[in-house]
Each structure stands twice: as structure tokens, then as C-alpha cells.
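Listed next as C-alpha cells is one chain, alone, in the form predicted alone.
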Amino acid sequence: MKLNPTDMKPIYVQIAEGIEDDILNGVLEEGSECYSQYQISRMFNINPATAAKGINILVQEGILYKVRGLGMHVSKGAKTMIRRKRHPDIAESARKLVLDAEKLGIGRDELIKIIRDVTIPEKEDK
């Protein structure tokens, strides 16, 4: 998980997105323990309340859940929830990319080549 101090997003949102990224990348497995607000606050030298705010976003969305006495855990189905949540963002980014390409006179074939040149290798869906 990384934080970007120059990002316009609030730190607590970056924390929530960072935890989501770690879930999607398999760093945090479904059913496993998640970082605590105190671990996050020490990692990034931030107020524990800020870390808790980021965690609580994911609790409210059902991506994380609390086990009394054992901390936060990743919910079963968390990856699917995150993918569903983020899909509209990807669609909007793609729409904007196509509109920007049109403004610049970049045709479909050239745009596809650009996308192919920057894509990561395909992964098997888990």
C-alpha cells in the first residue's frame, strides 16, 4: 500500500483504495486479517483516526468486517465487490480516453495500438 501526498484525494480515501488494491493483488486474502488503524498510522506516520476513517469506508461497504478481539478481516467476496465498485470508473476513463483521442485526431487502430503497448500481461481470473 502506498500513499501519494500530492494526490488531491484525501489520505483516508487513499488508504481505503490502497487496501482495496492489496485485496485485488492478493496481498490480503479474503478471510484474512487486514491492517489495523495503528499499523497504518505507523506505516505512514499519520493520525490513527485518519487510518480508521479509511478502514471504516470499507467496513460500511462490506469489504472488511470486524472480529471482536481479533481486528479487521477481509470479507468473503471482497474482490468481486471491489471489481463491481470500480468497473464504472474504468468505463468512464475509457470514454474520456476515446473522446480525447478523437480531439487529437487519433484513429481507432492507433488508439488500440497505444493501449496494447501499455497493457500488462493478461492474468487468469481468480
Partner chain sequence: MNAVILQDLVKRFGKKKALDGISLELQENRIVGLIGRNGAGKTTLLRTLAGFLRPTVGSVLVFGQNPFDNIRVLSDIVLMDDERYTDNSDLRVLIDRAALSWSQFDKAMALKLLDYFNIPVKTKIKKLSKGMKTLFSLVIALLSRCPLTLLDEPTLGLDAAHRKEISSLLLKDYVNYPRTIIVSSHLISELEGLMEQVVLIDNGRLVFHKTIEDVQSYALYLTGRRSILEEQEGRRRVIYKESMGEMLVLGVVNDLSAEELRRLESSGIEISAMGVQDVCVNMTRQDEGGVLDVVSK
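Here, rigid core means the biggest group of C-alpha atoms that superpose within 1.5 Å across both forms. None of the values given here were measured: they were computed from a predicted structure. Positions refer to the first chain, counted from 1.
In what follows, reference is made to the form predicted together with the partner chain, a form of this protein that is not presented.
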### Query
In terms of non-hydrogen atoms within 4.5 angstroms, which of the given stretches 24 to 32, 59 to 67, 72 to 80, 44 to 52 touches the partner chain in the predicted bound form?
44 to 52
### All of Lys2, Arg86 and Asp89 with a heavy atom within 4.5 Å of the partner chain in the predicted bound form
no
### Query
Just to confirm, Ala94 within 4.5 Å of the partner chain in the predicted bound form by heavy atoms?
no
### Task
Find out whether any non-hydrogen atom of Ala16 is located within 4.5 angstroms of the partner chain in the predicted bound form, and reply yes or no.
no
### Message
Can you work out whether Lys9 and the partner chain are in contact in the predicted bound form, taking contact to mean some heavy atom pair no more than 4.5 Å apart?
### Response
yes
### Query
Which residues within 22 to 36 place at least one heavy atom within 4.5 Å of the partner chain in the predicted bound form?
none
### Message
Core superposed first: is there a CA shift of 2 Å or greater at Leu70 between this form and the one not shown?
### Response
no
### Query
Is Asp22 one of the residues whose C-alpha moves 2 Å or more between this form and the one not shown after the core fit?
no
### Task
For Ser93, state whether the C-alpha moves by 2 Å or more between this form and the one not shown after rigid core superposition.
yes
